[in-house]
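Before any questions on binding or motion, here is one chain by itself as structure tokens, the form predicted alone.
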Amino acid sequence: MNISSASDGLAIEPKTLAEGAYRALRRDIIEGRLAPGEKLRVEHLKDNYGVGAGTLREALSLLISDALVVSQGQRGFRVAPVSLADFDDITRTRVMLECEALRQSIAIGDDAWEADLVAAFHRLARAEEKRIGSESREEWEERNRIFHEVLISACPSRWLKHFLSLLYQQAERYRRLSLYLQPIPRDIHSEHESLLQAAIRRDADGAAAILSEHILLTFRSVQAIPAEQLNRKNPA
């Protein structure tokens, strides 16, 4: 896996107006500027995002595929709701699949995989040091995603990695809430470092246990957020 090219993905310009609107809407949904359950009125949003109604509907259709927007037939579109039951399902499924993928990756990963993993961790650690403001949070979120992808990159199952990519995306809104509100104290850097060291030692059982707790801690963090905050619009 080429770490530098993967981490530059956010800088790639959108190829079409619909892709640009999709990215902007997706970012605003994930970061809470568009609240869970909020009605998405095409006639208002097309001006906000600087595109025509047809282009905006195309972008919203892509977001339906991402399960971030729901269609209400003739009544238009809404931001998909969030709930602890939904996140619990995402979390438990992710733990089950990602721990298995990590075990396979540790068993098969070669020296190049190990070098990529160390590089991904160090890039993540640098982003952790400056995680202040929205741009720095974006950089950290991207590098966090890459670190988790590299951990399981030696797993030979294409479908397992595909399903995990979908689950990671679905968890993103909840993870952002956890990072933004910080309802329980965590040292995420130490969590990642422990995971890295176990993987390098080729301790599959230990790494799987650390990864499971790492993912479950995010659920517990979201669980500690009051319900009114969970569904509130983020003004940031």
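Predicted model, so just to flag it, every value in this text is computed and none were measured. Numbering starts at 1 and follows the sequence shown. Between two forms, the rigid core is defined as the largest C-alpha subset superposing within 1.5 Å.
Beyond what is shown, the protein has a form predicted in complex with another copy of the chain; the following relates to that form.
Q: Is it the case that Ser136, even though its partner is missing from this view, gets within 4.5 Å of another copy of the chain in the predicted complex, heavy atoms only?
A: No - in the predicted complex, heavy atoms of Ser136 and another copy of the chain never come within 4.5 Å of each other.
Q: Taking heavy atoms and a 4.5 Å cut-off, does Gln197 contact another copy of the chain in the predicted complex?
A: So Gln197 does not count as contacting another copy of the chain.
Q: Can you tell me if Ala67 lies within 4.5 angstroms of another copy of the chain in the predicted complex, counting non-hydrogen atoms only?
A: Output for Ala67 is yes: heavy atoms within 4.5 Å of another copy of the chain.
Q: Does another copy of the chain get within 4.5 angstroms of any non-hydrogen atom of Asp28 in the predicted complex?
A: No.
Q: Counting any heavy atom within 4.5 Å as contact, can you tell me which stretch out of 187-195, 204-212, 55-63, 28-36 lines another copy of the chain in the predicted complex?
A: After filtering at 4.5 Å, what remains is 55-63.
Q: In the predicted complex, do Arg41, Asn144 and Ser221 all reach within 4.5 Å of another copy of the chain through at least one heavy atom apiece?
A: Result no, not one residue of the spot touches another copy of the chain.
Q: Consider the chain as shown here, without its partner, and state which of Met96, Val118, Ala107, Ala112 has a heavy atom within 4.5 Å of another copy of the chain in the predicted complex.
A: Of the listed residues, the single hit is Met96.
Q: Aligning on the core only, does the CA of Ser157 end up 2 angstroms or more away between this form and the one not shown?
A: It does shift by 2 Å or more.
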